Structure formats: structure tokens, C-alpha cells
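So this first bit is one chain, no partners, the form predicted on its own, shown in C-alpha cells.
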């Protein structure tokens, strides 16, 4: 078995790994990079970027459809095969290009499954790699069901790559993946779209008043959202698949997408030789992203138990881990102000505390909230459902949380997050001379 030594070995090639490797290279380190899948990671190849190709298409369809009979005739329809060609054109050759880029910069690359075989080493492709530091950036993988017939279930990656859009699609799980893809499917021409969620609260990390508005909009499109429903078995039948529910109900579908969450990918720790502690949340780390049990190991991105599986968080963790490995300073990350978005139509954005969280913490706040469906910015695009809720500290006038479900919430939530981060008050947001009329200029009515 061959042996090689490096300053740092990074496992995983997604967005967090990119920033880690790039930063270490700039400081002259000898770095090895390992991935068992094509180089580039989930966000670039199997998540954020390809998903937005589908979402952007149906957003255009939705905007035109909302104005049918109100200035527009014959709204466009999605050509699913042409859309897949467009998306795949973006993805074509990206892993190979990224691999060549790293090799050109002097990174030693390995394609294969890595397993920690000691506290300072990994084994991959019959090669033992030792290093002063090991950065685990292995991401997350879809949670898989163990019910009878689970082999008939597909995951979100399969949905992204469907050659044909099925007529009947059923999604298991009431999280953001199910809702985003359900909106894509119904707008793209699927005849029957169903979401099964095991509890009464879908999208539970978001403000529930916003979620209720999104549920109304989803059902108005024809999406069946069935709550307190849990599948117990799946079987193949002549007309497709039959999903059995706990209450004795059943549903037919041509395609079943399991989207009941993602779990940290911890296969690199198999065997326990690395002495790296982890739990269901991921690898346990200090505020400096260092393993609590093995000081040579750091964990970043979705495999780390830092509580937020979001690409911008992974980016920041990749940057911070470089400073901590190099010993320049002990950097940590403030996770309090991290905006997140559900790319439905209308989209939903959130940052900071929900009303429930603020109450649980015993905080005083005033809430500015209401429907936006009769606002000019909604009327001119035919948007039937819209809502906002802004939580404001009555003493400091600073924002504690912001929650939107309406057109352009994906962009406006970033402005609200910036205001929270840099302590811009509600009055300052209201008094600012925004370009008008724009989605952002509506902020003055939300916070005053």
C-alpha cells in the first residue's frame, strides 16, 4: 500500500471544500483533495444551481399565467426536455474542469471513497494519506426510508434528472425540497402532485403564518398537501405505484420522490479509527470547527453539527477553517443572522427569530405583519397570495426577525438580513429613499 504525506487533506469537493483548499493553497500548503463522486459537490452539481434552472423556468410560466386575461393571452408552457437540455448544458464538463483546475494549482486529487484509518490518516484507493490536519467536508445525503417497497422511492437528484415529467408525482416529506419541486412539477405540467407530511406542521423551521399562506397558494395551484400522513409501504401496480398510509389510506403515483430530509454523510468515519465524535446532527466541533475529540480534524459544511445546512454557511466555514488551521487567530462564526429561502411560487424567505422563538426566549417585541395581496407590487403581476411579518425590538428599534412570502422575497430577505447584521433600525429602513416602485421599496410599509 502506497503512502503519501500532506500538510492538509480535504475530503469532499463542494462549496465549503473549495474555500478551504483555495485558502490553504494561498498560504503555500501541500493539499490533497478527495471525492468519491464527481468534483464540484452537491450545490453545484446536484442541488442549488441545477434546481434554479427548473425554478426559473416555472417562475416565468407563473408570471405569465397569473396575468392571463389581464393583459396577456396564451401563457407559455414548459418544454421539459428542452429545459433539461439547458440545465445539462450548464453542468456539462464542470467536474472535469474543476478537477483540472485543482491539479493545475498543485493540488493532489483522488477519486474514490476515503475512510479514516487513524487519527492522522485516511485510506483511499489503496493509498494511505497522512496529514497534519484533516478537513472533513463530506456534505449530507438524503435520508432513506426502510418501509417495505422503499426501493421504489427516488431522491431529489433523480427528480432533477427526469427525462420525462411524470403525470402523477408524490413527494414524501414536508420540507423545502418537496415544496420547491412540487411547485416546479405542477407549473411544468404534471397533472397530479401530492405532498405527504407526517406531522401537522410542514416547513417547521419557518414562520408558521407564512407557511399557512404558502399552503393556501400551493393548494390553489392544485397541489395536494396532506398533513399527518405517513407512508407505511409502497408497491408496484399495473398503473404505477401504490403508497399505503398509516391510517389505511393509499395514493397512486407514477413517480415517488422521498424528500424527508438530509443527514450528514459520515461514511468517512466508518470503523472509528479516526477517533472523531459525531451524533445524528453531524461531526461534533468546537466553535472553531475543530473536532471535540481529535484536534487534527476539522469539519465544515453539512457534515458538521453546526445546525445550518446552507451553502453560504458552508462557504464561510471553509474560509474560517483556513485561519484556524494556520493559527492566525481563533475564528468562530455567528450563525444568528443567516437568511434562508424556499424557492416556491411565491417564494418564502426568513431570517432571524420566528415569533414562536422570540416568545420562547421571553423577548419583548412588536410585530408588523399583514397581507400584501392588494399592494400595487402584487396586483401588477397578478399575485393572489402574499404576507410579511417583521419582529422589532421596541427599545432599540432593531429587527429581531423577518419573514416574507411573496414575489421577490428571495432578494428582499437579503436586504433585511443585512439590516439585522449591521443593526440598521426599522425607522432607518422606513426613511431610506429606495428606488421606487420596487419590491425593496415596499420595506418602508412593512417596518413603519
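Note that the coordinates shown come from a computational prediction; the quantities given were computed from them, not determined experimentally. Residue numbers count along the first chain shown, from 1.
The same protein has a further form, the form predicted in complex with a small molecule, not shown here; the description that follows concerns it.
Distance criterion of 4.5 Å from any heavy atom to the small molecule in the predicted complex singles out 112 from the list 112, 189, 118, 287. Screening 283, 268, 134, 169 for any heavy atom within 4.5 Å of the small molecule in the predicted complex leaves a single hit, 268.
Heavy atoms within 4.5 Å of the small molecule in the predicted complex map, among the stretches 78 to 86, 171 to 179, 213 to 221, 143 to 151, onto 171 to 179 alone.
The small molecule is not shown here, but in the predicted complex it comes within 4.5 Å of a heavy atom of residue 311. Although the partner is absent from this view, residue 32 stays clear of the small molecule in the predicted complex, with no non-hydrogen atom inside 4.5 angstroms. The shortest heavy atom separation between residue 194 and the small molecule in the predicted complex exceeds 4.5 Å. Using a 4.5 Å cutoff between non-hydrogen atoms, residue 46 counts as a contact of the small molecule in the predicted complex.
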